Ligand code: COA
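In the form predicted alone, a lone chain appears below as structure tokens.
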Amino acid sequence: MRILLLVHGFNSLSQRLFVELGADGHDVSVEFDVSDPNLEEAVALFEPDVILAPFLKRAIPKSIWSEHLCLIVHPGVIGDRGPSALDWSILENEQSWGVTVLQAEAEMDAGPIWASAAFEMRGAAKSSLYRSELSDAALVAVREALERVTISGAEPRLLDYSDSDVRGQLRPLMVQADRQIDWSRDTTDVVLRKIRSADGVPGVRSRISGVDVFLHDARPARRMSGAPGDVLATSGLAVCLGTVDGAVWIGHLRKPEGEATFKLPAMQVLGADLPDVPEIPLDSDSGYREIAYSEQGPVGTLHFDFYNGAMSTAQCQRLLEAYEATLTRPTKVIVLAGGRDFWSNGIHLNVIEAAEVAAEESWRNINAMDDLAEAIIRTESHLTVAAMGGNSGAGGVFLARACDQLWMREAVIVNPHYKDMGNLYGSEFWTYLLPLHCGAKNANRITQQRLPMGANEARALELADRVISGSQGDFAATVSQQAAAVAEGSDFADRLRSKVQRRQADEQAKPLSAYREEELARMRHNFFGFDTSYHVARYNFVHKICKSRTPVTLAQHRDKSRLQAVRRAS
């Protein structure tokens, strides 16, 4: 089936569907919703069997939905309508929610229903639910809908609010007034739900020490309490605000106006506008904890959960310190577990954009990433495993590949390339690691195709060593069991010895320092050279500037030679 993904932007759900439907054998192409003429041209070029819209911010034009089957992936239960479906479900503390695949018609979200799927809610930010539970359910519903439309005589279900199982309703766009925090009344749970319903977009507007900001990245502050709405403490770059029954950590803020209207670490936004308050250590149970270590027998697990997977210079340095500490433990295997949502997405573009000299901060950040990657590669005392349970991109993928083994959860999507960021060359020793693990041909395909990749494709290309199916909980349990099996295996000593010998041989053939110098020479040109493509691309990414056209790597319908070949084959 030829499926045209019609999207406002290529977000996590769009990428998941692109990868999974392609793996199912469908011919999938993507078109950004830029203008009616562009959409009409795309449809004429691709001649899709189905137009699938998983992420739009406006209605599909009548000229398209009246002539072609258009399926909308709506992030709500049957009967739910409106642009803030998931926001309302979080704010109103729904225990379960769903995804509905409906046919586009004149009235928004009111078309006949082809499929739906339910999922259990979790106490998490909107963006986290969206890329995990909601995306899983969307994939189930989309597959069911695509199967049904191929059945002769199959008809969609008409939306009828008199049906007993229709619990959704038309809801308006959620505005700031709907989630305004009343610090004098709202409990910690209510404060968290309000912020989570707006995270990552648009955030909840509030004031901290007289500064007008949008709140993001909220988590409960254990064993903390104080005057509601007041700053009680700091921890790293996070601030602690009191509630009527406890406190919350706010990790990131965004100013409503000015040059830096994008998300940054809270203390970086507030600067000197804070009262003199205690500082809680980052490694404290009551602090804003991004890095944690746990140990079970011969396996040590290093958890690092950085907001949106971005790793600033300071975060890379702290993680390196934590990693070096794990090497002193009497364990055999070190698991680098990353976070639930992201393993890592590489250097921190927002912090770089806000720096006084972006090129210099870019340079510091990539060197800090390289320091960490080099420490992992040079480890001779342990076997190392990257347990990728969340998505990853750019340098984060290659940082994971620095480990001896890379295990991925089956639902993970990775973007192992840099070129879309202004032809950034990249580092993290990828020029050494990819040929070593994947071979030269696969290494070239991985870095050049500029497309998202699923775990099974990563395994086929030998980027990943193992793919593990199941939920996040299943993945963590399986990783724990299999890491223990590696540590306790009779061949552990032989595997460790073989690893050390190979590394020594590789070092003799070409030192790691040479790979690093060569990669960083290209990166220096990206950062400090006459070509400003990286800086322009970073600015557009951080400030969320919409693309004016669909990249040809995604809009495969604009590749005439490919389209002709596909049609001949079909």
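One-based numbering along the sequence shown. Only a predicted model underlies this, so the values are computations on that prediction, with no experimental measurement involved.
Beyond the structure shown, there is the form predicted together with ligand COA, which is absent from this document and is the topic of what follows.
Q: Counting only non-hydrogen atoms, choose the one of 232-240, 410-418, 472-480, 173-181 that falls within 4.5 Å of ligand COA in the predicted complex.
A: Checking each option against the 4.5 Å cut-off leaves 410-418.
Q: Does any part of S116 reach within 4.5 Å of ligand COA in the predicted complex? Heavy atoms only, please.
A: Looking in the predicted complex, residue contacts with ligand COA do not include S116, since no heavy atom lies within 4.5 Å.
Q: With the partner left out here, check for me: in the predicted complex, does some heavy atom of K544 sit within 4.5 Å of ligand COA?
A: Output for K544 is yes: heavy atoms within 4.5 Å of ligand COA.
Q: Does ligand COA come within 4.5 Å of any heavy atom of N308 in the predicted complex?
A: Yes - in the predicted complex, heavy atoms of N308 and ligand COA come within 4.5 Å of each other.
Q: Does N11 reach ligand COA in the predicted complex, with heavy atoms at most 4.5 Å apart?
A: Within the cut-off, so yes.
Q: Consider the chain as shown here, without its partner, and state which of H252, R196, H74, R131 has a heavy atom within 4.5 Å of ligand COA in the predicted complex.
A: Residue within 4.5 Å of the partner: R131.
Q: Under a 4.5 angstroms heavy atom criterion, identify the one residue in G338, G346, G454, G300 near ligand COA in the predicted complex.
A: Among G338, G346, G454, G300, a heavy atom within 4.5 Å of ligand COA in the predicted complex occurs only for G346.
Q: Quick one: in the predicted complex, does every one of K332, T384 and L463 get a heavy atom within 4.5 Å of ligand COA?
A: No: none of K332, T384 and L463 comes within 4.5 Å of ligand COA in the predicted complex.
Q: What are the residues of 509-525, in order along the chain, with a heavy atom within 4.5 Å of ligand COA in the predicted complex?
A: Residues within 4.5 Å: none in this stretch.
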